[in-house]
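Just one chain follows, in the form predicted alone, and it is written as structure tokens.
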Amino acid sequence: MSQHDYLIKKVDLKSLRPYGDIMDDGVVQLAFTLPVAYGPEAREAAVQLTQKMGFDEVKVATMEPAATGFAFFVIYGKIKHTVDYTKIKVVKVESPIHTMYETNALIKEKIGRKVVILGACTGYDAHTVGIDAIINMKGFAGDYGLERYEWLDARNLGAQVLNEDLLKLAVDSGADAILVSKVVTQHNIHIKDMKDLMDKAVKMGLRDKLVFVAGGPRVTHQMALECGFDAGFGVGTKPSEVASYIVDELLKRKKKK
């Protein structure tokens, strides 16, 4: 086999591993900080730790002092392990994605009124980039935000909104859905906050009256379901995906009734 053939060889999905310089070489880049002073000893410690992780051919690409008594590393290494990609099953949101115009038409024809959506960063979370990208009119990645939808009444409540206040506002405004953005995840605070919201929703008799959606960099659909939500969306989610899911879920519930 020539070098060119090796570079373009077909990916084996039953024995999948990372691609670095050439196909199936198993090269991975790691970055971490050690709480020791920058120097040769710190470098050797980083190499040994990487080897203990199961990496071969360890190479230190970058070693820099991060602060007094700390050293930062970028390291390359190779792994032997593979996964069978064909057997991977992921719990994910199963809902068709409509354009803004299609969603507006669905609401107008089958619901007949504006759908009210409240979005917020809850608890002590002050990172509004995600909720802004979904709700604000400008949207994200060329996809219009929910404020742009003619038949959506989408309200961005901002950051650090308490769960009890969010639910009270949902009742007062006759909301159809709640969007919760969680970015801060230290000590799994996002999970605690999400479960707390759903516990309160159940006690207030709102669980089945609203569509609950969570989003954030560490949010998955599976995790959102485990916290009691209807759906969870991760990084890269576009506003149209969220709008499509909410409207489809409302229509499903309407049909059941």
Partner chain sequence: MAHLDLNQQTLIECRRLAGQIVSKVKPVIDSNSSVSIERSVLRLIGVEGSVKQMGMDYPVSNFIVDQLREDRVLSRGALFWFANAMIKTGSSVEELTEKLANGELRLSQIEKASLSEIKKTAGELCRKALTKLAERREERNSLRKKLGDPMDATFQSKPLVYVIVATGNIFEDAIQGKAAVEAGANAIAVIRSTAQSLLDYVPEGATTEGFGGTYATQENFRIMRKALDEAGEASGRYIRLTNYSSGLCMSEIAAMAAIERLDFLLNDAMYGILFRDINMKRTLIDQNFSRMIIAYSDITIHTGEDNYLTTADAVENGHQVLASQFINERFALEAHMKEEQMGLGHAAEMDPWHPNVLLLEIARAQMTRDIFPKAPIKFMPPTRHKVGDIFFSHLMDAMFNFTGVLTNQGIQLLGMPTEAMHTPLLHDRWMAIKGANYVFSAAQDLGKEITYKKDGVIAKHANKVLDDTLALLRKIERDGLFKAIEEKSFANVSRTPTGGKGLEGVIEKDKEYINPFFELL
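Numbering follows the first chain given and starts at 1. Worth saying up front: this structure is predicted, and the values here are computed from it rather than measured.
Below, we turn to the form predicted together with its partner chain, even though it does not appear here.
Margin query: Please identify the residue among 99, 95, 82, 160 with any heavy atom within 4.5 Å of its partner chain in the predicted complex.
Written below: By the 4.5 Å criterion, the partner-contacting residue is 160.
Item checked: The single option of 56, 64, 199, 44 touching its partner chain in the predicted complex, heavy atom within 4.5 Å -> The option sitting close enough to the partner is 64.
Notebook entry, point to check: Wondering, does residue 217 line up within 4.5 Å of its partner chain in the predicted complex on heavy atoms?
Noted result: Flag for residue 217 set to yes.
Note to self: I'd like to know whether residue 132 contacts its partner chain in the predicted complex, with contact meaning heavy atoms within 4.5 angstroms.
What the structure shows: Contact with its partner chain, yes.
Note to self: Taking its partner chain as it sits in the predicted complex, is residue 184 near enough to touch it, meaning that at least one heavy atom pair lies within 4.5 angstroms?
What the structure shows: Output for residue 184 is yes: heavy atoms within 4.5 Å of its partner chain.
Next item on the list: Decide whether residue 204 counts as a contact residue for its partner chain in the predicted complex under a heavy atom distance cut-off of 4.5 Å.
Entry: So residue 204 does not count as contacting its partner chain.
Check: Where does its partner chain sit in the predicted complex: which of 48-56, 29-37, 223-231, 205-213, heavy atoms within 4.5 Å?
Finding: Among the candidates, contact is made by 29-37.
Next item on the list: Enumerate the residues of 219-235 that have a non-hydrogen atom within 4.5 Å of its partner chain in the predicted complex, in sequence order, or give none.
Entry: Read in sequence order, the lone residue that approaches its partner chain (within 4.5 Å, in the predicted complex) is 235.
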